[in-house]
Structure formats: C-alpha cells, structure tokens
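Before any questions on binding or motion, here is one chain by itself as structure tokens, the form predicted alone.
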Amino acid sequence: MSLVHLLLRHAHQNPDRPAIFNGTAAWATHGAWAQRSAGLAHRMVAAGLRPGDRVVLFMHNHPRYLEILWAAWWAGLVVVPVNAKLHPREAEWIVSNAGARWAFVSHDVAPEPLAGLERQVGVASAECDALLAPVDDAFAVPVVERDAQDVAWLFYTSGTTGRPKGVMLTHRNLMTMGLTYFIDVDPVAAGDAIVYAAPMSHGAGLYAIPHLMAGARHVVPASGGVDAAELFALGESLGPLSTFAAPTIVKRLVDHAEQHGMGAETCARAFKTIVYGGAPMYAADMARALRVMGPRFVQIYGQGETPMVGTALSRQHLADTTHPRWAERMASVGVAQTPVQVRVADEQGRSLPTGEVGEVLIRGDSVMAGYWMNPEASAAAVREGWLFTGDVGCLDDDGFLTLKDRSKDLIISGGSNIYPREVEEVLLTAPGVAEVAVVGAPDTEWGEVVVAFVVAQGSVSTEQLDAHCLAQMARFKRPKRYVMVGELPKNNYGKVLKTELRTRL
C-alpha cells in the first residue's frame, strides 16, 4: 500500500480541514494539499519520471516539503532527503550515488546547479509554483501504485568508509513506523499539531506520517528552524504542539522556559509532547527538563536503518519518580517498541544474559531493506533479519536498554551524525598537515563536539584549517577545537589509539 493513500483518505473525508501551516498562517487544507501533490505528480510523470526514479529534496524546512514528498510518492518515485546543512559537493556525491534525476532545492543551500541532474527546481521559484499548481480533481490523477516492499525513502547516513550509505526504507518500513507511534510514543488526535523545527530530512520529517494518519495539523515555523521563543509562541497560538528534538533543542526550550519563569502549566499550553533522541541525553538535563516543563517528554532510540523504531522510554516511565529504579530507567533508552525485538549479543551474534554488555540487535518490520547498491554492507548489517546496530549496551531484568558506548567511532553533535574518518580525510588534504585523528569530546550543549589532533609539517594555523574544512564539507562537521601534537599515540600495528586521545581530553 502506497503512503499516498494516507493523504487521499483525509482529502476525501475532511477536505476542508486545515492541514499545513506556515507559522500561524494556514497554508493548505487536506484537500488543497492533495490537489497540489496530485498536480506535481502528474507533471513529473508527464516529464518522463518513472516508478522507482529518485528525486532529491535538498532544502530547508518549508510547507512545500510535505507537498513535494507526497507528490513524489504519488508518482511512484523514491525520495532522497538531503540535510540542508551539507555542502553542495557532499550533496552532489549523493545525487550521483543515488542516480537522482530531479532535485528540489533551497536557493541558499544550492545557489549553483548541482552536477548530474536533469532538472533542479528552486522551492521558492515560479517554476515550483507552476509544478505545484493544484488540479481540480485530485482523485482523477492515478496513484502509481507501489508494493509494500518498494523503496520510498533513500536516506543517506554516514559510513565507516567516510562516504555515506543509502539506507533503503520501504513503504512497509515507514507504515510500520507511523503505526508504532500511536502505541509506543504518543496518541494523536485530529486536533493535534506537530511542529517541524528539527530538519525534515531526518526523523522530524518522518513523523509527518503518523500525524497525517490521524488527520492532525502540520506546522512549519516561519523561521524554518529552532527558535525557542517562536516555538513557544506557535504553541500558544495553535494549541499545544508535538515535536521531535535532539537533546540540544530540548536544552534550548528548557532554557527559554526557565529564563522566562514559565512553569509546567504554562509549558503545557505550548507543548503536548516532545520526543527526544538522536544523541545522548544526560540524566541531569532530563531531570531539569521534567522539573521545568513537566511530564511532556518521550525518548526514542532507533537508527536510520530502523527509522525511529527501536526502544522507547515513555512519559509514564520518566514521570514515575517513586519507582525504586527510576534513576536507572531515566538513564536508559527504554524498552523495545511493539513491532520489534531487541537483544544484546556477543561478537558471534549469540544472545547475552541480562546485565552483560554487548552489541544491540533489532529485528522487525521497521528494519531497512538494505543499503543502496552496497550488498556487502547490507549483508554485514542485517543477518538473519537482525540489524547489527554497532551500538553497545545491556538489558536489565525488566527489558530496559541502557547504551554504554558505540562500537564505531561515530560522533553525535546536536543530533547530527559525524564520522571522524570523513573529517580526517578532509584535513589530510590541507597544506601543512602530516597526520590527524578526530575524536568526540563531551559537551553540555551539543552532546559531543569534534576535536582534531593534528601533527603539522611546518606552520599551520587553526584559522587555515577551519577555512579548508568549510570549503570541503558542512560547517557542523568541522572541528570545534584543534590540538597540535608532535605525534599521535599508536599501537604496535600502527593504529592510532583514539582511546588515549579521548583520555587526554
């Protein structure tokens, strides 16, 4: 079943119900949303796009994100969401690897045409206006039906080789994720609203699916991003909002509430549910968030390979301060969500007893179909239906999962994934750099920040290294700190001892 039928259902039953807002201004009803998506789908098919073709969305949060997304599915296409914070060169690599034919872009993230595309459409252009012109009868535009196992969302996530891997998520994967939200995360009613402050190219955008299932409202801040004052004002105006937020966003919201003397009752008028994930949340920070804003938080743990579905720590668990193991539970990532099994295994994939630390494995209908054009990586990641996450943790007697570390060197800063090798490869092309090793350092605001240990040949300044990084990759990936060293610590095999570097920090 195509995800398009979620939109058609409400366009048929509730065509005049407000669906999309740009700030506080109504943008589209469910009927108008369907008419615009149908119009774009019809024009993309007429232009020669065929089922399974890839279309890139390289744009900031915008009300048109939802219209283009559902239009692509209407035409039987595969959406390739690209983080607007990426450098155009990084986006071009994804375009090439995915074999994408079209792209919808924000002008400031791609001011020049991206190489390899047949057509690039500016999201705020007259061309986009024409492509999204509504049809009179959306139901007359045929939906290009796709099988439940067909790919709907090709999400690129960083890999250990320094190049991202394309995670193939099917209509079934996304439908599973949407239905799971109601059971394990939060019930949704037609009068509810979700606000997109975090990038819609990631988990925040995927949460459009359960909210469309319920016929709820979709709110894109006028700023397109995270402004705590704006989000509180939107909540006061449009009713309590739900949102997905990385811990750094949660911290900004809590800071704003505390600075303005807001209590839990005031916060409850602005926010119904804040789902947090994507990076570690310090227990002290969550205790403060609960104290300031009240019980409106839910934690989820998942990966791009099992989108938003792994474990969940409910608001009831977080609020139950009388439980004898409340402190331990608050430091965990909760229990397995309904459609998946979670276990902890040793290096051979054998289940470990309760309390023992090993790799976290997940199995269920949310697990990806594999990596795009990468059968070797697919076979390594998914074995006998189990996703080997690369995360290390342990389960307690009640099924609560606590993450201990990551078996890979992934750095998560502000909810964004950064692989050290990707940064190292860029720095090694900088004049005057002989060797480099990149690690993550704990940070109270961002969770982690990137730190580069550099062995220089001659004279090189941090300003020069910064400029070199900004010319080659996204700003959020560049190191926040450079440590100049005479040599890097290595073992007998010549491998850099990153554990020792982290100890130095």
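The structure presented is a predicted model; accordingly, all values stated were derived computationally and were not measured. All residue numbers refer to positions in the sequence shown, first residue = 1.
Not pictured, yet referred to below: the form predicted in complex with adenosine monophosphate.
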Original post:
Would residue 413 sit within 4.5 Å of adenosine monophosphate in the predicted complex, counting heavy atoms only?
Top reply: no
**OP:** Determine whether any heavy atom of residue 422 comes within 4.5 Å of a heavy atom of adenosine monophosphate in the predicted complex, and answer yes or no.
**Re:** no
**OP:** Indicate whether residue 243 is a 4.5 Å heavy atom neighbour of adenosine monophosphate in the predicted complex.
**Re:** no
**OP:** Could you confirm whether residue 310 comes within 4.5 Å of adenosine monophosphate in the predicted complex, counting heavy atoms only?
**Re:** no
Original post:
Want to guess which of 347-355, 81-89, 299-307, 192-200 is within 4.5 Å of adenosine monophosphate in the predicted complex, heavy atoms only?
Top reply: 299-307
Original post:
Tell me, which of 403, 214, 335, 144 has a heavy atom within 4.5 angstroms of adenosine monophosphate in the predicted complex?
Top reply: 403
Subject >> Option touching adenosine monophosphate, based on a heavy atom within 4.5 Å in the predicted complex, out of 277, 205, 166, 393 >> reply: 277
